[in-house]
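For reference, the chain that follows is the form predicted on its own, supplied as structure tokens.
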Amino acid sequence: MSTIFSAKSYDFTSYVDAQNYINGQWVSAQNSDTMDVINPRHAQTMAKVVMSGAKDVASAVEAAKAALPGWQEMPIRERGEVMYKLRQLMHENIEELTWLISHENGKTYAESKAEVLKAIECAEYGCSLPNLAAAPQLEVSRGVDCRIVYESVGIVAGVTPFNFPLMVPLWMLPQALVGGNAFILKPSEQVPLSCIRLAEMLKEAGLPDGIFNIINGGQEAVEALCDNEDIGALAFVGSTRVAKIVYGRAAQTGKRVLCLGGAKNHLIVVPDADLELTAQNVTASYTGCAGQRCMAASVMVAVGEVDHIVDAIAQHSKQIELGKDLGAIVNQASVERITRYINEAESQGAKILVDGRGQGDEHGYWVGPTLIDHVKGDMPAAKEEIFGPVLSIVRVNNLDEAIELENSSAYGNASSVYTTSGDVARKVMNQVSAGMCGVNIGVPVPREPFGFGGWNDSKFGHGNITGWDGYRFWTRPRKISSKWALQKDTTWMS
């Protein structure tokens, strides 16, 4: 089958059905269940995806077992060559990948292209691993050398979300593959199409069959990955509710597990903040990717008199054009959930400054930018993850109250402060309970080689999922002590 995606605009375009990818071949699931893959901009089915179970996972594991020894024996520099070639292929096909992401996810063209560029950056980090993983060695005693080498875990798996169909898999794959593992990917059943092209490009880049496999499906497939005892490590990105379940279930089989969950990110804005920078930045943070990203601003903590900044954010929000500047919501259920939070906040006394309800036409799933002022800290709009283009403004009297509000959240993914004062910035950065923080930056995503990962209920497991922490997650350090020159004297090491 041809997997080339032909779209060059937002016009509806269908695509091939998403099957499982096992041992370098596209195969059907062992049952006949399928699900529609919907283009959110058009609310129209563009493909179908198979819904797999434990037998399909077992088939992928067997393919990985057969291919793994040859891949593990390959020098790390040769494994790294695959990432160089993948990076080049992604550059050569950047327009196709961009439009494919846009059609299956609903993002704008610009946001989709930014995702591809970030995915390429992740592949580039994989290119660097053969140098970064050079084994440290030290003479620890007379005639005794100790060194560390990083060995693969073996067969590993990743479960990825709908909001970044290409980037999040590439948070995991470079470190896992260059580290010598065989990988089984379970993409979101809502957006399984970009991974079709990823699989084809990895094969063209020289990755042996069986080293990368895709199992499509929903809960049953995830549970099978958690339960399979031949899988030695599993990473998950999604909601906190599911992250907790996956973490507990997968760990029962002795796997190493890292699960990234949801977020409720706070932007603290103080009166001395730069007006235009703050207004533009906050607006971009809460509306980017239609708010469907774990790093989006969802609460603005307004410290003291900042009405001039709130007014400017409202003006910027009103200028955003649906479909052009802001993409679609992933499905109708999400539109209804987001709208319910807005309705509830309004009924509880909050003031809607910019109302995105009921926007768009009868085709597609849309919610426009929504700015809610005078939200109380105990309202659901202030505490729960909405995952849409909605910003709740909570008013506080001083910086200590702002930090206390931030730290009262169960989540700990990201937090930012807008200020021109170094002292204010330092205080916030030292005291907020969040793993990724920003000063005058609304989406403080760590760029490679700095690892991505939050705190508290935003992450379950140790370390970060990208960067060097990611490589360490997918590998095991082997410590080797050697003595070749026989010495007359002895120590406790003999």
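This is a predicted model, so every value here is computed, not measured. Counting begins at 1, following the sequence as shown.
The same protein also has a form predicted in complex with a small molecule, omitted here; what follows describes it.
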Practice task
Heavy atom within 4.5 Å of the small molecule in the predicted bound form: which of 317, 160, 112, 278 fits that? Just give me the one.
Solution key: 160
Exercise for the section: Using heavy atoms only and a 4.5 Å cut-off, determine which of 208, 130, 218, 360 is in contact with the small molecule in the predicted bound form. Expected result: 218
Completion exercise
Counting only non-hydrogen atoms, the one stretch of 89 to 97, 257 to 265, 130 to 138, 399 to 407 within 4.5 angstroms of the small molecule in the predicted bound form is 257 to 265
Exercise for the section: With heavy atoms only and a cut-off of 4.5 Å, decide whether residue 273 touches the small molecule in the predicted bound form. Expected result: no
Practice task
Look up in the predicted bound form whether residue 119 has a non-hydrogen atom within 4.5 angstroms of the small molecule, and give yes or no.
Solution key: no
Exercise for the section: Considering only heavy atoms, tell me if residue 79 and the small molecule come within 4.5 Å of each other in the predicted bound form. Expected result: no
Practice task
Evaluate residue 373 for contact with the small molecule in the predicted bound form, applying a 4.5 angstroms cut-off between non-hydrogen atoms, and reply yes or no.
Solution key: no
Problem - Three-residue site 187, 239 and 387 fully in contact with the small molecule in the predicted bound form at 4.5 Å by heavy atom - result: yes
